[in-house]
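Here you get one chain, nothing else, as structure tokens; it is the form predicted on its own.
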């Protein structure tokens, strides 16, 4: 009997803890809900760095989801929400960073590296033997055959 009571208490505590950690966002318009889901998938969690705020369990991600929800409820557009988040957390928070003078090297550096590596490979190829060297080698081979 005691085992059943302990099992029920453990199961109940797990069920209530999972309900307590979920955010409940209600939308009247399905398009607004789709926009919310898209925005929470496009915004990066500043704490987790490789997760979006939809997947992150960090407290700041919860706060950011609530802020996105409240901004959408205020009638803000997608770009206004993104601009708000960028202004508050920087360009890092958005998965599609703008191409600026500071970020252009992220796209150019791999191309420059590939071109540089190609140039190094081409320059390091073995050069063909000059004609006089080929003649000298043939002469040396003949001398070696005569010594046998």
Partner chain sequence: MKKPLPMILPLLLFLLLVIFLFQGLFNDPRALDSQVKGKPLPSFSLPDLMHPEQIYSPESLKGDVTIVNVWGVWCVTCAVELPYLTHLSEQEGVRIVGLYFDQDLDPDFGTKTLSRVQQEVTEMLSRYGNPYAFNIFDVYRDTSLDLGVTGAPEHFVIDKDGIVRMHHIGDINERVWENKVGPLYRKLKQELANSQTFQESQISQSGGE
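If you're wondering where the values come from, they're calculated on a predicted model, not measured in any experiment. Positions refer to the first chain, counted from 1.
Keep in mind that the form predicted together with the partner chain is not shown, yet the notes after this line are about it.
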Taking heavy atoms only, is residue 96 within 4.5 angstroms of the partner chain in the model of the complex?
no
Partner proximity in the model of the complex: residue 33 to the partner chain, non-hydrogen atom cutoff 4.5 Å:
no
According to a 4.5 angstroms non-hydrogen atom cut-off, is residue 119 in contact with the partner chain in the model of the complex?
no
Partner contact for residue 27 in the model of the complex: the partner chain, 4.5 angstroms, heavy atom:
no
If you look in the model of the complex, which residues in 45-61 sit within 4.5 Å of the partner chain (heavy atoms)?
46, 47, 49, 59, 60
